[in-house]
Structure formats: structure tokens, C-alpha cells
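Encoded as C-alpha cells, the following chain is the form predicted on its own, with no partner shown.
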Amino acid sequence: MNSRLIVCRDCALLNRIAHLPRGGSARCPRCGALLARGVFDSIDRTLAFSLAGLSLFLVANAFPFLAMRMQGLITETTLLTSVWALYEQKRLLVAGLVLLTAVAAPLLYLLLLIYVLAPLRFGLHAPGVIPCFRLLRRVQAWSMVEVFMIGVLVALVKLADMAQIVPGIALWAFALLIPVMAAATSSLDSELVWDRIGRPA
């Protein structure tokens, strides 16, 4: 029978899980925690969301994030120039955190998803796919585009009385990136990927 062993993350009970139908789920008999889900077209959907997310990420970094109009002067800023501005103000920790959580980690997460899933889509394995998939799960914890977006919205509210704020195309792309990345994460069936690439010893 096509089955696999899964340890419950909540109570550490070892469970044998049979193949799940699309849309089905398996729960721990001891504590009721979710063990696995049979996600519908997991690889195709996750790959599509990842490609869409990468496109939005490139737009969010290539175009102005917002423009401030004050006393006839217009100042445009991009995501990377805001990081550089923080660096010039000697706020190195904040600049590093913004660069890591809003630029580096999301980009690496999307690239790793595509690198792992695109070959699987055609029945192939990318070189080093197992360490890349492990790294992907670690990078995911540092991708915090939604936290950065909340910070931007708070800043916009505070600056509204001082200058006219004109949202740029990058801001809208960044706002769309949040649900797209969330959709990619929720549609990813890690157990299916491990089964396809071969579980490490």
C-alpha cells in the first residue's frame, strides 16, 4: 500500500498515512493536529503562484514605490533606495532587517520554489534539490513582506499631513505580492514534494 510515516509536530506520535485524495486531509488520532493535506494540483498551482509572485516582486523593485509632493518638489523612492536612505542615516540594523525581510528573503523564497518545482513539473530533479528544499523552509520564516507593508501604511498615515503622497505602481505590486505569496505557501504540499524528490536518509 502506498503509505508513509509522519511524526505529529504537536504530540510526537508516529502515524502511517495512506495516499490522500485531492482535497483530503489526515489528522493525528491522539491530538487531532493536521498531519497532511491532499492539495489539489499542488505543484502546478504553487509554481504558477511563484512565477506570478516573482513578476510582482520585480515590478515592486523596478518602479517607484511612492512619490512625495511637498512645496512643488516631487521626491520618488524605490524599495532599495529606502534601504540605502536608512543606511546613510546610520540605522544599519533597520536597513539590514528591511533588506533581509522585504527584499532578500522573499526573492530567495520565490526563486527556490521555482528551482525546486519547475523540474518536478516535468518529472525531473534539479541538482541539489534536497538541500534547496530544506533551505526554502528556513527562508520562509524570514520573508515578512506583510510586516513591511504594515510599516509602510503606518508611515503613509503619519506623512499625510506633511506632504501629498502619491502611491507608485511598485506599492500596488507589493500589495498584490502578499496574497500571491500566501497562496503559494498554502498550496505547497511539502509531503508530495518530498515523495517526488526522494526523502533524505
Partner chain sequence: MTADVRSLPIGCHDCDLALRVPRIEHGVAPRCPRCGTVVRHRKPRSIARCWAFVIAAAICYVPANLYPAMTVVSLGNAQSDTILSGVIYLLSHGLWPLALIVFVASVVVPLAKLVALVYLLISVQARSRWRPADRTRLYRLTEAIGRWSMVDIYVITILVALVSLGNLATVEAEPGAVFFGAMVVLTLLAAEAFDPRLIWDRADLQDG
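If you're wondering where the values come from, they're calculated on a predicted model, not measured in any experiment. Superpose the two forms; the largest set of C-alphas matching within 1.5 Å is the rigid core. Residue numbers count along the first chain shown, from 1.
Although it is not shown, the form predicted together with the partner chain is what the next lines describe.
For Ile169, no non-hydrogen atom is located within 4.5 Å of the partner chain in the model of the complex, even though that partner is not displayed. Contact check for Arg91: a non-hydrogen atom falls within 4.5 Å of the partner chain in the model of the complex. Though the partner is left out of this view, Ala18 does not reach within 4.5 Å of the partner chain in the model of the complex, counting heavy atoms only. The partner chain in the model of the complex comes within 4.5 Å of a heavy atom belonging to Val98.
Residue Val152 is the only one of Cys132, Val152, Leu54, Ile43 with a heavy atom lying within 4.5 Å of the partner chain in the model of the complex. Core-superposed comparison between the shown form and the other one: the CA of Ile169 stays below a 2 Å shift. A movement of the C-alpha atom of Arg30 reaching 2 angstroms or beyond is seen between the shown form and the other one when the two forms are aligned on their rigid core.
Once the rigid core is overlaid between the shown form and the other one, Asn15 counts among the residues whose Cα shifts by 2 Å or more.
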